[in-house]
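One chain is shown next in structure tokens, namely the form predicted alone.
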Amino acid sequence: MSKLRFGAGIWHFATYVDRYATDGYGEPRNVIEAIDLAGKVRDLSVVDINYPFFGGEFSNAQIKTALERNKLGVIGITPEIYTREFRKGAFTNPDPGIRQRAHELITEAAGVVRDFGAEYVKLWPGQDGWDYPFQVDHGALWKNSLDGVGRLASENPDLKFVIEYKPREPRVHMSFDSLARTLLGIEKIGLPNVGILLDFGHAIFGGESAADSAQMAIDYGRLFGMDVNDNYRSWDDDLVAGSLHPIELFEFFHVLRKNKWDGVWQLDQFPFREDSVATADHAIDFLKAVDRGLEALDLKALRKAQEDHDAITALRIAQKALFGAF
């Protein structure tokens, strides 16, 4: 088995609310409690942590103590530029003061990345975009998106900034809504430290092939990170990785292996009603089977089938490798 590192967003171990269960699906947890739960997961080595830290006032030192206690590192820091303060957008907010506030918050998060020795600042500008026709000047909106990211990257050339794209939610149309649009924006920015975090669920939710999207991001040297989960394609359900689309997820990881991409295999799941530790363990067990399947894949036969565009033979090879790995 190859030497893998598994990670998870710390929100995997939080509790959740939605517009129906406004009292939540469990008692609230703070970030320290979430880290202690993450520490119970087999083979988890890193977490992605929201900033500001949720559930109370905590110092970097307190977070580090909890991480050390649980033998966990930090892969990234996700500044919360999608909360009520930014309901009209972060980079694209019509108020320049709010845009500056987003810049300052992300700059603070960049300092936390340095302090924790993490790999990147993750940008998920979920409120950037629009909801109705004629609501925005599309040219101005896109310019503000690119200027906001570009300014951060140029001011912090020692850090990586990853953009996690998504078609919609909470905005009806998000500015960074697809692999192609995000990649075009990054190339327009033109800085080497801006890349993509490819969320498998966001890709298939948007009608993409996650494998094809990964290949394109790699071809442009912009695949800096990834998340895995699953959904029914009509919404970003954040279900357990491999629960619905195992063959497509297998192809996604095949593309990563083929291109010698060796980043963290990161979970972005929302176990509303399930036990969060058991859910993470189950997902990682599946990802280990994926890795065994990749080792068993008959690459020579697959290459020949792909050269011939022979769908049935290629599927037979992939299914035998994956399902035989359990």
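Please read all numbers here as calculations on a predicted model, not as lab measurements. One-based numbering along the sequence shown.
Beyond what is shown, the protein has a form predicted together with another copy of the chain; the following relates to that form.
> Sort through 104-112, 155-163, 69-77, 242-250 and report the only stretch with a non-hydrogen atom within 4.5 Å of another copy of the chain in the predicted bound form.
Every other range fails; the passing one is 242-250.
> Could you tell me which one of G26, G263, P52, G39 places a heavy atom within 4.5 Å of another copy of the chain in the predicted bound form?
Looking at the other structure, the residue within range turns out to be G26.
> Evaluate A278 for contact with another copy of the chain in the predicted bound form, applying a 4.5 angstroms cut-off between non-hydrogen atoms, and reply yes or no.
A278: yes, in contact with another copy of the chain in the predicted bound form.
> Considering only heavy atoms, tell me if K258 and another copy of the chain come within 4.5 Å of each other in the predicted bound form.
Although another copy of the chain is absent here, K258 would touch it in the predicted bound form, with heavy atoms inside 4.5 Å.
> Taking heavy atoms and a 4.5 Å cut-off, does K288 contact another copy of the chain in the predicted bound form?
Residue-level check for K288: no, no contact with another copy of the chain.
> Using 4.5 Å between non-hydrogen atoms, is Q127 touching another copy of the chain in the predicted bound form?
Yes - in the predicted bound form, heavy atoms of Q127 and another copy of the chain come within 4.5 Å of each other.
> In the predicted bound form, which residues of 124-139 put a heavy atom within 4.5 Å of another copy of the chain?
W124, Q127, W130, D131, Y132, P133, F134, Q135, V136, D137, H138, G139, in sequence order.
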